[in-house]
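As structure tokens, one chain now follows by itself in the form predicted alone.
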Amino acid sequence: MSQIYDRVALIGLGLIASSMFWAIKRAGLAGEVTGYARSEATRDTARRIGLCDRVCDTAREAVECADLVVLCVPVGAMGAVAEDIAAVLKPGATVSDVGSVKRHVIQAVQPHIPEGVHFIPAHPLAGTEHSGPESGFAELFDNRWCLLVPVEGSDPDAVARLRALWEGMGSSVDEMDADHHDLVLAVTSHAPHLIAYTMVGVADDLRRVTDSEVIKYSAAGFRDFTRIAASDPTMWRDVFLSNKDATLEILGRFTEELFALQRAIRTGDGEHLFDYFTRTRAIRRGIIDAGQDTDAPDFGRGKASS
């Protein structure tokens, strides 16, 4: 794979940014990668593990002369970061992001993008429950989707270049409208996370089931909830506050379905339960057939330390 950008700047150095760096280096997609994190401790860690070719002490320093700037900070912080770096963005550069909500990010960031700079929001559908600069690994995006959400007037050449970067990092790439993206993600990610957090919270509140029993017998499905519920609290707080409408719509539908299942259990309606489980099982088969599942329960994390 040939070099796509001379210089890439990563703002925020958590799981996604660190994985991007290792994936960019693996394929030789950029000449230099600069990085910035708000926390001095994170910057020190990044320097110690060789994360980024150059770790900068300010976001402005990191984005100077960069051809691509990727905002890898929580959704709620993106507007402030965009405002901070706007004055030093290189003409012709592209600004992108990795947030899991798109309409809110566009509203927060786009007003700060100067004339002559391209803004192309993006969202890689990849992750683990781990966070921080040491959690990243080059294989995170392999065979995973990245959704590009071009805004009105996005330059087709700039979009094609960003697509080539994500494909070079191992992703399959699709384009999507912002509002549709937010609804799709409310179904596939945001509402499931909230349900997982709730179930783990229920177990914590139910004192008749001890902590040791919850831990000891968690293979029965609870374990998968706890993996999701271990995700970064700041990120998920921002996701729910910034994708409020779509998440509430999906949770409303979820509640209706749950009430229907409760009624079927109460009234002994085995036929309803069987039909429902048969229909939902087919979706699971579809996920496997699409190659979006893995036999390895570690989600590739075994490679993280290599």
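Throughout, we count residues from 1 along the sequence that is shown. Just so it is clear, the structure is predicted and the values come from calculations on it, not from any experiment.
The protein also exists as the form predicted together with a small molecule; that form is not presented, and the subsequent description refers to it.
Under a 4.5 angstroms non-hydrogen atom cutoff, the small molecule in the model of the complex lacks residue 170 among its neighbouring residues. Proximity of residue 96 to the small molecule in the model of the complex falls outside the 4.5 Å heavy atom cutoff. Using a 4.5 angstroms limit between non-hydrogen atoms, residue 81 touches the small molecule in the model of the complex. In the model of the complex, the small molecule sits within 4.5 Å of a heavy atom belonging to residue 128. Proximity to the small molecule in the model of the complex, defined as a heavy atom within 4.5 Å, holds among 70, 52, 37, 66 only for 37. Distance criterion of 4.5 Å from any heavy atom to the small molecule in the model of the complex singles out 235 from the list 235, 199, 183, 120. Comparing 247-255, 38-46, 24-32, 263-271 against the small molecule in the model of the complex, the single stretch with non-hydrogen atoms within 4.5 angstroms of it is 38-46. The candidate site formed by 192, 228 and 287 is entirely out of contact with the small molecule in the model of the complex, as no residue has a non-hydrogen atom within 4.5 angstroms of it.
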